[in-house]
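Okay, here we've got a single chain as structure tokens, the form predicted on its own, with questions on binding and movement later.
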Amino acid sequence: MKGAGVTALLSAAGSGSAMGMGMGQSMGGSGKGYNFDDIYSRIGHNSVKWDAAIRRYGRDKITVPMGIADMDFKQPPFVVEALKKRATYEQFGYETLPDSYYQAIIDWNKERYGVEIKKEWIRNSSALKPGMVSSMRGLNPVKGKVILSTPTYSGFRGAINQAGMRVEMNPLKKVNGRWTFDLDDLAERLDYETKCLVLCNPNNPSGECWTADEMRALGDLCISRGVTVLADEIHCDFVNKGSKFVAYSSIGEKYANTSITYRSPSKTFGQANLKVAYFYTQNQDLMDATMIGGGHEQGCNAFGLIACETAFRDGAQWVDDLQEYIDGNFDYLVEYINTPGNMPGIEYSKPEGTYLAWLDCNGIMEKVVTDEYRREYHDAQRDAGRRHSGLTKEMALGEWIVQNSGVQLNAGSSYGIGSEGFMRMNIAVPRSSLETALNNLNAALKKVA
């Protein structure tokens, strides 16, 4: 394995080297024209994933940050060229959106998922959460509850609070090693104060691509109680071999008519800071609730709109190659963790979708997160002027992992009920970076196993 060499290479980044200046060094190729093995430094470019972690922990402590759901791959070259071309037109006043923008979205959904969307159903947003917040506000003006099936994306709770609503958690249950909906529990929570349920498909962080039958059962219950399903499908383009993504709006007319779907190129193409997302529904009343009752603002970034249209129009092969590469990363991760003697205290099996690994770290957490360590962690946070109330065992475990391996993961506790002892790892990185992270983490775990 080449972990030590890659660690040294990454440690040199940001100090005036070619990598620190945003230039890449080839580590091989994907074999299909797009080189996802390329180590492309993001250090020094205000990256939340890299620079924020380095500011917090120090450059000597961060080898591979794997928390924020943000890919470490370069933009597709055709997107970069389109942005360069747009920059030559030296005017950035108000603009209308061309039909070609909407057609790119329509074609992408039809060709990849068989989902028929009409232009008049689509509205834009700077990101998924602003659109979702507007829907929540418009659909539940009495400020009631929004249901989350947990574990699920931590940002939903912030969106619900921003909308002035209350979070109600409906814990998922594990059946034969796979998370699925607990409809009996959900039925008890769907009262008169509940107008919305957030469905994350594929589920972040656990990776389920919900089946049509699972979603119909969920939808039937929601429809019977007058609850609108808000379907976050931002990870829909990341599906592993042997699995299938099914759009909620495609499972039947009554489900499409009682839901709003939220999508974006931000995950698929790594365009989060270009600030473009979209949502759609065939139900005009639901759209009016979002746009009028929720006061939604559609403004988007001019460069983001160009990038979005170009990516959806020209990016099918790039995404196909990327999916294959990430699927290979998952295979590598699963084999590594399940090799006898490796990664003591961590259990993991391959998910159906996303590029996020939901690691069961319960076996190691009790060994390293002692009462003494938690006190030390609390005092260190306090003394550094950081948040020091409500610190969880998972947060303390994340700190231990950084300090002992240079790998930064997301604490499972932020993903709601059912997340105890889990950590989230983003594997949308070059294979050599994944290898380095696993080697470092493995070495740290073996010292305390």
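Keep in mind it's a predicted model, so treat the numbers as computed, not measured. A residue's number is simply how far along the shown sequence it sits, counting from 1.
Below, we turn to the form predicted in complex with a small molecule, even though it does not appear here.
Student: Out of 162-170, 96-104, 179-187, 260-268, where are the residues with a heavy atom within 4.5 Å of the small molecule in the predicted complex?
Tutor: Partner-contacting stretch among the options: 260-268.
Student: Residue-level question: is D232 within 4.5 Å of the small molecule in the predicted complex, judged on heavy atoms?
Tutor: Flag for D232 set to yes.
Student: Is A302 near the small molecule? Define near as a heavy atom within 4.5 Å, in the predicted complex.
Tutor: Flag for A302 set to no.
Student: I'd like to know if F73 sits close to the small molecule in the predicted complex, meaning any non-hydrogen atom pair within 4.5 angstroms.
Tutor: Contact with the small molecule, no.
Student: May I ask you to state whether I54 is within 4.5 Å of the small molecule in the predicted complex, using heavy atom distances?
Tutor: Taking the distances in the predicted complex, the answer for I54 is no, it never comes within 4.5 Å of the small molecule.
Student: Can you pick out, from I147, C236, V368, C200, the residue that has a heavy atom within 4.5 Å of the small molecule in the predicted complex?
Tutor: Of the listed residues, the single hit is C200.
Student: Could you check which residue among I62, I43, M395, A69 gets a heavy atom within 4.5 Å of the small molecule in the predicted complex?
Tutor: None of the others qualify; the residue that does is A69.
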